[in-house]
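One chain is shown next in structure tokens, namely the form predicted alone.
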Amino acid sequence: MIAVVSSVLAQASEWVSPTIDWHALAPEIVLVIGINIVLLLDLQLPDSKKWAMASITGFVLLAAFIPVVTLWVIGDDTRSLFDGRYVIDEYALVLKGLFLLAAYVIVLMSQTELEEGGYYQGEFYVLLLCSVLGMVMMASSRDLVSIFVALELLSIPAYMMAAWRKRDEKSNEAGVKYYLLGVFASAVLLYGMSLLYGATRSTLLTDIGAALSDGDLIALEVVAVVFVLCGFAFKISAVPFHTWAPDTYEGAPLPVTAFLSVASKAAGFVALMSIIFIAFPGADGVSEPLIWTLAVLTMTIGNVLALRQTNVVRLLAYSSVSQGGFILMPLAYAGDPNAGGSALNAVIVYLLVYAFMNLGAFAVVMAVTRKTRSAEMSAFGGLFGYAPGLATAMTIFFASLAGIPPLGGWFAKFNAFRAVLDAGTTSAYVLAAIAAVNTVIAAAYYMRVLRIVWMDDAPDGDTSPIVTPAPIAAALGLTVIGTIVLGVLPNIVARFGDVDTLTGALGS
């Protein structure tokens, strides 16, 4: 017994050894502590004071953001932990900041809806923080096991949040569909990872990259690459793995829909980037044609289906699918020596801009539906007449999603097109041409909504003003500022993806 205890203490001393960089792990540690604080306070606070849970959750997210800033400011060195399986670098810090900021906006959007809906609040914020913890871990994960654990940590709470309105049939349907298809996708992904481990004898991404570096893949390796990419395609709602998205987005509470369309999607892209740039550079003969095809299908089918929608939430759902195709587009040339660095830059910048404009669009929809009780397009008629501020904000977000200068969306799309054209191949020019056509198609349905907002009459002649709660107004303010500033001053984010720093940090 003494020998066993001594062995356990010896192993524990290794884990608490001063060689572990606690500063590098500070964002994750703050979130873990915050999850326990929110859970314990929820057990103690009476229902009349549950409103405080949103403020506490916001403070936790801001507290986790502080070490991200300090890590960014004090050093440029890459911090590698656990034998290179967990890395903190500029790439990881940018994305951790994105996840924390997006989650903070979601908290602002959630507060009023949860209070007025009469739903328990503490559990919601615990689940939200757990999901954000998975996303923050994803940004630093460089191992198949840690990537899968982070992916499930962010996904499982999201399944429950999608079905948060327990007495609403559509919300229950949203949660069940998301859960069943999510479990299936996780099984496909895990099977691909197991094949990848069997073929390369390692779960470390750098080791996998070295094993596949010659580009001469055997059948087992090809199947493994395809299964892994298909598993992640579900997480980013790429066509044909998008079927869960429209019903889930429509049935889930609007803050959860915004969370899934931005933060959850971004986490999927982060994992996909790490896999492609570190583990699959030698498998570009398999991965790049597959991603090229997924990008074309995703942007085209997403746009075509969006044209048919009469519900703004479902339109934004298919818009989110289509935007995923534009984000995928540069990754089709990740292994190209002329386009690899700019592809990484394009995806990171697009994710940052997309977070602001899409969260803002959902915040406007939340504010309007509080009065109209409907997300049908006709319910937005005459919005400029009785809520000019919301109409203007909606115009900014939808114009940015369409890629109209000088808003942030134009720079995101410009970067994506530039990354593709840098490859200089025939397939790249074809992809750019298809994307250009899809940009025009997307503008058509965004402008249709704006025409209703500016030119149609209010439904039932009701022109009473909309009272926007302070948290939603704060979320709108943050997202409007971000969308405009990133379009007018794109250099603020243009360096996030610098070839010398980020591709080096990823091991390219």
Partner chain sequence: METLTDQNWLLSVGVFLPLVGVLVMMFIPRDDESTHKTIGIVTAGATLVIGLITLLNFDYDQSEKLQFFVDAEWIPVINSNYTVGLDGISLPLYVLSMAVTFLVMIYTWDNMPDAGNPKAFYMLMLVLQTGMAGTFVAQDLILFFVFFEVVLLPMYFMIGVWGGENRKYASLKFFLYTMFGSAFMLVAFLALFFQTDAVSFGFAHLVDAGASVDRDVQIWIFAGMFLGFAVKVPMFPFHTWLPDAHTQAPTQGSVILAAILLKLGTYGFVRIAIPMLPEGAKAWAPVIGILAVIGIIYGALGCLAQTDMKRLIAFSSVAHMGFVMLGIATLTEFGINAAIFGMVAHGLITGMLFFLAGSVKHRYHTLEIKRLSGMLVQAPRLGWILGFSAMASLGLPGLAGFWGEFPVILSAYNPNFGLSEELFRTLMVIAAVGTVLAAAYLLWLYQRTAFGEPSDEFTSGHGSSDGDGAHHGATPQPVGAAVNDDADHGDEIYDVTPIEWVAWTPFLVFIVVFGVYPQLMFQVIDPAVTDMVARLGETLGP
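Residue numbers count along the first chain shown, from 1. In this text, all values refer to a predicted model and were calculated from it rather than measured experimentally.
This protein has a second form, the form predicted in complex with its partner chain, left out of what is shown; the following refers to that one.
Of the candidate stretches 400-408, 231-239, 94-102, 356-364, only 400-408 contains residues with a heavy atom within 4.5 Å of its partner chain in the predicted bound form. Contact annotation: of the candidates 454, 59, 65, 51, the single residue with a non-hydrogen atom within 4.5 angstroms of its partner chain in the predicted bound form is 454. When you look in the predicted bound form, the only residue of 222, 297, 421, 290 with a non-hydrogen atom within 4.5 Å of its partner chain is 421. Residue contact with its partner chain in the predicted bound form: residue 444 places a heavy atom within 4.5 Å of it. Interface membership of residue 227, defined by any non-hydrogen atom within 4.5 Å of its partner chain in the predicted bound form, is ruled out. Contact annotation: residue 20 falls outside 4.5 Å of its partner chain in the predicted bound form, judged by heavy atom distances. Taking non-hydrogen atoms only, residue 274 never approaches its partner chain to within 4.5 angstroms in the predicted bound form.
The putative spot formed by 384, 415 and 491 is fully lined by its partner chain in the predicted bound form; each residue has a non-hydrogen atom within 4.5 angstroms of it. Contacts of stretch 332-365 with its partner chain in the predicted bound form, defined by any heavy atom lying within 4.5 Å, are made by 345 alone.
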